[in-house]
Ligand SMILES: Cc1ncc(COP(=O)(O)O)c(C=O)c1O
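Read the single chain below, which is given as structure tokens and is the form predicted alone.
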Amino acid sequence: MSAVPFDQKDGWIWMNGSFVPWKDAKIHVLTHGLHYASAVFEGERAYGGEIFKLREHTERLFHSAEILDFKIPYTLDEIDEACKATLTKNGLVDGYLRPIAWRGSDALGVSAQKNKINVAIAAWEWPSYFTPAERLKGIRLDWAKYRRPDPKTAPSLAKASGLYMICTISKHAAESRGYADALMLDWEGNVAEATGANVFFVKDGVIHTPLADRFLNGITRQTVIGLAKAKGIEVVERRIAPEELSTFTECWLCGTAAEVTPVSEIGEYKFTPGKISADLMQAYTDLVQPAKVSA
């Protein structure tokens, strides 16, 4: 990614129904979304001019807003079209998109039922989350200090900005120790996910992945499960205890930003990126980049 600060990039951002120059897409410092994390967002990738699973992402944005008790003032179709227009307006064919909706600055306090709901969409170039060299050899993960919250204490099934505070802290700590990311446990101590991607393991040719009922059931996660099943590979979704990691031979992360990225190490546990990891990484690439399959 460019070293240019995000508020100084060139381009256009769709904001509340119209395009504004990138540097002018601003909010007030007393915006409710900044102070109380009343914001939801999506991360989407475009390949060859097509936004992968756009409708699913838009539906999740609306669902997340509903969980946070606010209504996005546009239709699903309007947000889909705005995402496409943002990609085109910025002259991008391959890129990353970030739709976000948040409560505005009409009132500042815990209660903000009458605050305006704002929506913005940005798009920019963003290569693979990890470098090609890292992906080929498998990235290294540390254990995260913080755990994913109990769904009874936080809206854990929403893609809400406030839920990522502990992810940022955990990823920073991991990077400071030389790791690429951190693996988080759920509040009961079971394996959950990385700071921004879901996790999969392989044992005796069977894929195992944490049951996604207490953290975000990623759209890429669902896609990879479908690809695996189409190849005749058994996929088991269940609770996974940390000590079970010693019994797994392969591991990978997946997400819109991470795509499919093999893992070689999680704390004291080692993995060797193998055939299933490689096959699914290629299958995902073939799916999202069909024009490049024959290249």
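Position 1 is the first residue in the sequence shown; the rest follow in order. Only a predicted model underlies this, so the values are computations on that prediction, with no experimental measurement involved.
The form predicted in complex with this ligand is left out here; the points below concern that form.
**Q** Check for me: heavy atom within 4.5 Å of this ligand in the predicted complex, for each of Arg135, Arg140 and Pro262, yes or no.
**A** Heavy-atom distance to this ligand in the predicted complex: none of the three under 4.5 Å.
**Q** In the predicted complex, which of the listed residues (Ala197, Ala120, Cys83, Ile225) lies with a heavy atom within 4.5 Å of this ligand?
**A** The option sitting close enough to the partner is Ala197.
**Q** Scan Ile166, Ala174, Ala112, Leu216 and let me know which has any heavy atom within 4.5 Å of this ligand in the predicted complex.
**A** Filtering the options by heavy-atom distance leaves Leu216.
**Q** Check whether Ile266 has any heavy atom within 4.5 Å of a heavy atom of this ligand in the predicted complex, and answer yes or no.
**A** The answer is no: Ile266 has no heavy atom within 4.5 Å of this ligand.
**Q** Give a yes or no for Thr220: in the predicted complex, does one of its heavy atoms lie within 4.5 Å of a heavy atom belonging to this ligand?
**A** Taking the distances in the predicted complex, the answer for Thr220 is yes, it comes within 4.5 Å of this ligand.
**Q** Heavy atoms within 4.5 Å of this ligand in the predicted complex: does Thr58 have any?
**A** Looking in the predicted complex, residue contacts with this ligand do not include Thr58, since no heavy atom lies within 4.5 Å.
**Q** I'd like to know whether Lys159 contacts this ligand in the predicted complex, with contact meaning heavy atoms within 4.5 angstroms.
**A** Yes - in the predicted complex, heavy atoms of Lys159 and this ligand come within 4.5 Å of each other.
**Q** Work out which of the listed stretches, 228-236, 29-37, 254-262, 63-71, brings a heavy atom within 4.5 angstroms of this ligand in the predicted complex.
**A** Selected range: 254-262.
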